[in-house]
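Just the one chain here, laid out as structure tokens, in the form predicted on its own.
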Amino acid sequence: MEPVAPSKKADRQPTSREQQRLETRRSLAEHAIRLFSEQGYYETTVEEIAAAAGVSARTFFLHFPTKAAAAFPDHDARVQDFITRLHAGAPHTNPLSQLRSALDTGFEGESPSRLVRYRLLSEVPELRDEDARTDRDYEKAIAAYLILHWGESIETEVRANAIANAVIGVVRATLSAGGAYGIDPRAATAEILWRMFGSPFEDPLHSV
């Protein structure tokens, strides 16, 4: 998926059929994560997940291509929401400050199932691979946003991609630690990013 700038289409209300499909998808994901946690990822079958959600295995595969993908049900919507937050700042806003703000608000409404998923990442290579694949969409969105503000050149492309990779690495590390050790991933991410990107030029000059 190639992230794009937000559009007004995102405000359209889903039809009843789309809402039913969304509810089925969420139900499959919730049962998948629960079963992975209770009885193990490898011990859980697609048939068991589907049965718990009250649908067939065929329906499962209409929603998710793999068992691992079921642990990341709202990925596309979260990426689009992140892009919207990135572009919500005023044109003159420092892009790194806006990036920190977009990441900070992204932790609002963290679901318990997401924290369970991050506890599972350390145990299941397939889930780590899926997590890395989905993270790439966030990295693309960050890099595109920074290049938009800094202008297109080889130098800015390198800088933007390096920052995007580093930022998502920080978020991944704090979320994993949140799942494993119970730390506050939002606070840890905010502090680490401030140490990485905080600049005296963003503060008022003390001499004037």
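As the structure is a prediction and not an experimental result, all values here were calculated from the model. All residue numbers are counted from 1 along the displayed sequence.
The protein also exists as the form predicted together with the DNA; that form is not presented, and the subsequent description refers to it.
Engineer: Under a 4.5 Å heavy atom criterion, is His63 part of the interface with the DNA in the predicted complex?
Structural biologist: Yes.
Engineer: Is Lys67 part of the interface with the DNA in the predicted complex - any heavy atom within 4.5 Å?
Structural biologist: Lys67 belongs to the contact set for the DNA.
Engineer: Classify Ser176 as contacting or not contacting the DNA in the predicted complex by the rule of any non-hydrogen atom within 4.5 angstroms, answering yes or no.
Structural biologist: Flag for Ser176 set to no.
Engineer: Can you work out whether Ile163 and the DNA are in contact in the predicted complex, taking contact to mean some heavy atom pair no more than 4.5 Å apart?
Structural biologist: Flag for Ile163 set to no.
Engineer: Does the DNA come within 4.5 Å of a heavy atom in each of His75, Gln80 and Leu103 in the predicted complex?
Structural biologist: Spot residues vs the DNA: no contact at all.
Engineer: Could you tell me which stretch in 137-145, 150-158, 166-174, 44-52 has residues with non-hydrogen atoms within 4.5 Å of the DNA in the predicted complex?
Structural biologist: Result for this chain: 44-52.
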